[in-house]
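Shown below, as structure tokens, is a lone chain in the form predicted on its own; questions about how it binds or moves come after it.
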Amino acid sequence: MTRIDDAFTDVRAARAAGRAPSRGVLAPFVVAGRPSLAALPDMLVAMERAGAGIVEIGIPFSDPIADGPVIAGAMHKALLDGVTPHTALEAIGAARDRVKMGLVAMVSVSIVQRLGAAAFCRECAAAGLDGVIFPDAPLEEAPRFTEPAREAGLDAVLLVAPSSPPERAAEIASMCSGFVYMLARAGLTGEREGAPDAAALRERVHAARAASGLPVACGFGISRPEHVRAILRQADADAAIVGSALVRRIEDGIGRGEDGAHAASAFVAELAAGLD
């Protein structure tokens, strides 16, 4: 059992018993190095206390693939501050003993290729990460990343897009471990006013769960407690991922001279209302 498995224990037990889960998992996303690497451990502790079950930590990259302006801007600032994959993993390692929740890195395959997949995954495992999300790994090349991750004892997560044909979506899901990352919307990351189309998403969630046997986490455009509730209840997902909305709150807090942990925990607590 991994920490990711632990996060989904109650959800999976309910489904095994033929019941709808009473709660799901809240999985916020933050950018390593914003507001600083030194602030990351306190932020993670604060988010866990506020209701996060898994936290995704973005490794800053100069050419993000699907990130909208909020996350791309935060990554640019982190890079200007000198954040590297190695220093980001060091900061994660400093936080590991302070939190029980699952920690997952989201990293472009360009970085992984440059550092070497096996070496990078071993470094992630040594830092105490539980998994790695490879958001831009094409299906045909995915084993180059998923296999070294599993050899290092990490879960490997791939993204399933709304445009993926059912057969391809099922194959992507079957190659994941830990959970499947389902894009709730097409396009870039970013905040939205309305919730995703739960009825259409529900069908895709069920298909991915059937193909993989894994929990399904949905992200992209999930910005409010009511969105979290819709993803978990109407779309029947196991986890809701919130990225841009949280990153913006942290960036706004930095602009006001606020502590990053305070800004993150306050918004995660607000989002956690959508779990019930």
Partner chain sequence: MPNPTATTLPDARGRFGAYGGAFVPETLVGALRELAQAYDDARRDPAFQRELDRTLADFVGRPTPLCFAPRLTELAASRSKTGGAAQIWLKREDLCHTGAHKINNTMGQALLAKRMGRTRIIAETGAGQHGVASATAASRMGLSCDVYMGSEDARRQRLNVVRMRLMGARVIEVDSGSRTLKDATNEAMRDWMGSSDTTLYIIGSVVGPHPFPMIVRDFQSVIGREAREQCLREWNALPDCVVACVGGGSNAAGIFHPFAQDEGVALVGVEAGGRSTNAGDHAAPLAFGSPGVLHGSMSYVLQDEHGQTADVHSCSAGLDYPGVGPEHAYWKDAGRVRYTHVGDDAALDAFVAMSETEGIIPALETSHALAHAIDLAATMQPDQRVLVNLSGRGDKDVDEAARLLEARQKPAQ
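Fair warning: this is a prediction, and the values are worked out from it, not measured in the lab. Positions refer to the first chain, counted from 1.
The discussion below concerns the form predicted in complex with the partner chain, not included here.
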Within 4.5 Å of the partner chain in the predicted bound form - does that hold for a heavy atom of every one of Asp67, Glu140 and Arg168? yes
Per-stretch contact check against the partner chain in the predicted bound form, the hit in 69-77, 98-106, 198-206, 149-157 (non-hydrogen atom, 4.5 angstroms): 69-77
Sole residue of Met175, Ala125, Ile111, Ala94 within 4.5 Å of the partner chain in the predicted bound form, by heavy atom: Ile111
Ala119 near the partner chain in the predicted bound form, any heavy atom under 4.5 Å? no
Check Ser62 for me: does it contact the partner chain in the predicted bound form (non-hydrogen atoms, 4.5 angstroms)? yes
Using a 4.5 angstroms cut-off on non-hydrogen atoms, would Leu183 count as touching the partner chain in the predicted bound form? yes
